[in-house]
Structure formats: C-alpha cells, structure tokens
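First, one chain by itself: the form predicted alone, in structure tokens.
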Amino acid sequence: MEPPLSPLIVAQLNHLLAYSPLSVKVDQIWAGSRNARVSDRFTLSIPFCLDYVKCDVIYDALHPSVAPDVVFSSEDDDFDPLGDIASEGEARVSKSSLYDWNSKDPSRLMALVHELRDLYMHYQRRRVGELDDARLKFEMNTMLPREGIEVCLVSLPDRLEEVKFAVPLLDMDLNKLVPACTWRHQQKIYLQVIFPVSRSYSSAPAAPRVKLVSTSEVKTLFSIEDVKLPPWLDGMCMAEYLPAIEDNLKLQVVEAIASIGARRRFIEALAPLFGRPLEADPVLCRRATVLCASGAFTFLAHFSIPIQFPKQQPTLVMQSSQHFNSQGTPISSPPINDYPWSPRWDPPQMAERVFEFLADECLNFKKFCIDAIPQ
C-alpha cells in the first residue's frame, strides 16, 4: 500500500476533484522513492473529446511547495505545453498558472489542469489542421467556430489515421430543465463524428462513423441509445447533418421532461391507496416503495418506473417482511409486468388497478414465500 500524499498536495488534489467542472479522475497515487513516508505523484485522467487524456503529476516530497512537473503519455510525445507557453513570450508566461506558484493556494492545481487541457486542445487542432485532407480542412473551418467543439487526431498502429470530432448538441441547460436535480457536472449530449483521413489516391471520401454520446446522468433521463440517426449522404458535411438531429433530440428531451411529471403524478396517486411511500426518487421519479398488508402478512411493493412511462408500465417486485432465505435475505418475487395497464388511464386509475392486482396476488406471493423457506 502506497503512503499518503503530503498535506499540501492533498489540499490541491481535493480542490481539483471537488470544484473542477471537468470530471477529472485519479488513476493511481505513488511515491517517488521506495522508502518514502509520503507519496508525491499521481496519474490524472482528464476528459477530452469524449475520451480521457492521461498525465502524471509529479511533485517533490522533499519540497512540496515547488510547482509539479506534468508528464503526458508516450502517445503525446510531440505535445510540449511549457514550450508553447514560452514561445508566446513573457506576457503569456506571466499569465500561466505556473508563474509565481503558490503551494498554499489549493486552487492552483485546478488552474494548471485547465490550462494544460486548453493547450492540449490547441495542439490537437494544429495536428488536424496540418493534414493534407481537403474535406477535413473544410469541416475544421466550418465547425470549429461552433462553441464547445473538440477535435483530435487518432493514430493507431493497426489502422489508418482518423480524426474525431465531439460536437455538443442542443443549446439548452439540461441541469436546469430537471427540477431539483443534484447533478454536479453540467450534462451534455454530443455527436461523435469520426472521419478516416483520406489519401490523395482515394477515389471518393468514405462516410464518417457517427454516434450519439452523453454524460452518464443523461441516460437516467432518457435512452440515448434509442435515438435513430439519419444516414450520412454522399457529399454531406456536418453543418448539413446537425440540424435534423438537434430538432429530433429537442423533441425527445421535452418528452423526457414531461415523463418526469407523469411519473411523479403516478407516485402521488399511490398514497391514497397504499399510504405515503416509504421511499421514492424525488428528482427523476424512477423508483417508489410502498408497504402492503393482507391480514397479518406484510410485504413491500417496489415500483421501478421506466423512462418511457406511461407508454411502458412500471415493473413490480414484491418483497416479504416476514420470510427470509438461508442467507437471511428477505424473499422477493420475480419482476412482475403482467398486471392490468393502459397508458390512457389517468394516474389514480393506474394506481387503483395496481392495488387491486396486489390484493389478489398477495396470497400467491405468501405461498411462494412459504415454499421458498429452506426446510
């Protein structure tokens, strides 16, 4: 087990992880010498172009007040951020976060990481801009003025070079559209477009690969995988391809937000019949649990409410509060989806039909629990 980081370094790393708008990850922490009492270096994964850029941040445990060195992976040997800063002259150096480094300021590491990411973004744009590919030059000139777009050159040993674009879609704040959401980072939906680098002898440029990508929390709002992308026609460019996608996405986001309200009304309709839910998801309204009783037999009913509600009905699981298996776990029913349901019913009718179903089904479930108890 590696020793802990020194307090000065911990303060800077914790500030980065807590306050950066980027979802930066720490891959590993280690010490520079074998018998060191404290660690003084770590590997960061910094999000860029729908992937991560890795770099080692190397402090000196004997002099933790000195600014760290930053070493990028061998794949980015040509990236020289300090050289880029120096080449822009004294004015650029004085604006760098490395200038007049203050180890007691916990925000300094975060400022350095953001600065390096910006420099890396310009480095990748320069690499792509130097390619001898007319189509990519056109896409770069027409798309890069769009706010938030990122691009990088991907070189793999077993395939031709590719250029990857990450295009943020929808000029709308998804965090603010979801009432009371607790998402810490800004949620986004991107179109990933990967172009093969054309060779001069190529007869016609191949169509790019396109895919929608979102941050993980967006997938709890609606199913990004179910969005069908239109075909990429011959001679098409990204500026022509994007409008139809954004119009379709905007409609689906609006429907997804409306579905939250429908799920909330369904959960609220459970209360007059079952009593106040024991648990409920207050933001996206995807889950609820109510307590049920039939004579002396008590059980929980867990509702898992799908994103496509009310087109798709909730999945029910019944869980006994009185019967346990050999591991001491409460006995539960298999997922249930075959109870009466219509998306055209209003929420009180939906809840009433579920209540009637459980009133009949609880006897079968009680027998199922008794039979499942190990003898």
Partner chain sequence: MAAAAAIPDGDGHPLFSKISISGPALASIIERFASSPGDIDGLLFGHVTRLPPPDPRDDDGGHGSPNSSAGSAAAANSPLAATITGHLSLASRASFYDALGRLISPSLRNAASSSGHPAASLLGWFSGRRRSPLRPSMRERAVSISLFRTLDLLDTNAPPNRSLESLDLPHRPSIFLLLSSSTTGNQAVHTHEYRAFALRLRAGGGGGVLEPRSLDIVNVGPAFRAQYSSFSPVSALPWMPCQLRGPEEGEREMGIKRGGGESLNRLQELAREQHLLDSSTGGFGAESLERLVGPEATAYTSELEDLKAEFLNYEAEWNDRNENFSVEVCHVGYTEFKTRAGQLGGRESLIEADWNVPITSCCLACLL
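Values in this document were obtained by computation on a predicted structure and should not be read as measured data. Positions refer to the first chain, counted from 1. Rigid core here is just the name for the largest C-alpha set that superposes within 1.5 Å across the two forms.
Not on display, but discussed next: the form predicted in complex with its partner chain.
- Between 321-329, 305-313, 29-37, 340-348, the stretch whose residues reach within 4.5 angstroms of its partner chain in the predicted complex through a non-hydrogen atom is 29-37.
- Exactly one listed residue, out of 258, 194, 244, 82, brings a non-hydrogen atom to within 4.5 Å of its partner chain in the predicted complex: 82.
- For the options 171, 147, 225, 77, the residue carrying a heavy atom within 4.5 angstroms of its partner chain in the predicted complex is 77.
- Residue 53 falls outside the set of residues with a heavy atom inside 4.5 Å of its partner chain in the predicted complex.
- Shown alone here, residue 49 lies farther than 4.5 Å from its partner chain in the predicted complex, counting heavy atoms only.
- When contacts are judged by a 4.5 Å heavy atom cut-off, residue 178 does not count as touching its partner chain in the predicted complex.
- Its partner chain is not shown here, but in the predicted complex it comes within 4.5 Å of a heavy atom of residue 58.
- Comparing the forms between the shown form and the other one on their rigid core, the Cα displacement of residue 344 stays under 2 Å.
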